[in-house]
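Let's start with one chain on its own, the form predicted alone, as structure tokens.
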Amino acid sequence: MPQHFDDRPIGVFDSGVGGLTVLAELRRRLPAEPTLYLGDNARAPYGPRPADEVLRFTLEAADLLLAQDVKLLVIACNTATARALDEVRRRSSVPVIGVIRPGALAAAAATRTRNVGVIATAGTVESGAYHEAIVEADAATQVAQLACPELVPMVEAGILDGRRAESVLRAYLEPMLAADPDIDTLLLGCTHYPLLRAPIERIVGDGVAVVDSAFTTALAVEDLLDALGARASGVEADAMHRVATTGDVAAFVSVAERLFGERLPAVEAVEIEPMPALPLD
């Protein structure tokens, strides 16, 4: 049977820098795959925004990436996945993967007490998407959710550790764990939050497993590429990576360099074309 290849890039979208955690896993597992990352930092955070606004912003970003001839689109933003995944899939000419289901499966697999805590943006918590996905994976699992509106702006500002980060995190996590001491798994329900993993793990201690959707989303992408016969033909050295943001490039780079160091390509500044009001039917 002849081998088929698809050298088009994988498109990755997030409201800001958070989706870089997913991009890092994609590049680690699939080093030969070209990627195109778009962070909508100018309009971040998405979490507090109304659902229809998140939907419109996500569709606008998806249109920009699809216009670049990507072969697959990853919505590496939990709020955007919760609010817009179905509609993006309906409008897209290529497969679309969100981050909620992979993260939920990881949490359901990790818990031994069947008690999972989820920290996320207000929009993701309000959607109920994680609760639904975790219970779908294991109906006996109890899910406690907490909206943490201060965390995304903190990450976007580059505050990833130290006294300020720890103080904010403790104010969220300690009451949550005290109220439900049976929680043995904490799901980071926002792709920004793995950038805070070090202080989170210090606060929750060894008895609580901390999981996120980055690794499992990368696995889902790998499986889909294999199912479609759509792997790239090149080798790691040939893979082309582009990163773009709608916001301040210098601020974006200061956070992104913590993940990629010298492997971070030059960051491009882009504008997203607004779309008219959505005639949803």
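We number the residues from 1 along the sequence you see. As the structure is a computational prediction, the values presented were derived from the model and not from experiment.
The form predicted in complex with another copy of the chain exists for this protein as well; it is not shown, and the discussion that follows is about that form.
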Exercise. Which residue among 208, 159, 144, 173 has a heavy atom within 4.5 angstroms of another copy of the chain in the predicted complex?
Worked result: 208
Exercise. Between the options 154, 168, 204, 105, which residue brings a heavy atom to within 4.5 Å of another copy of the chain in the predicted complex?
Worked result: 105
Exercise. Judged by heavy atoms and a 4.5 Å cut-off, are 58, 60 and 242 together in contact with another copy of the chain in the predicted complex?
Worked result: no
Exercise. Taking heavy atoms only, is residue 69 within 4.5 angstroms of another copy of the chain in the predicted complex?
Worked result: no
Problem set entry | Residue contact check: residue 92 to another copy of the chain in the predicted complex, 4.5 Å heavy atom | yes
Exercise. So in the predicted complex, does residue 163 come within 4.5 Å of another copy of the chain, heavy atom to heavy atom?
Worked result: no
Exercise. With the partner left out of view, is residue 111 within 4.5 angstroms of another copy of the chain in the predicted complex by any non-hydrogen atom?
Worked result: yes
Exercise. With the partner removed from view, which of 188-196, 144-152, 117-125, 96-104 is the stretch that lies within 4.5 Å of another copy of the chain in the predicted complex, judged by heavy atom distances?
Worked result: 96-104
For this session: May I ask you to list the residues of 198-224 that have any heavy atom within 4.5 angstroms of another copy of the chain in the predicted complex, in sequence order?
Result: 207, 208, 209, 215, 219, 222, 223, 224
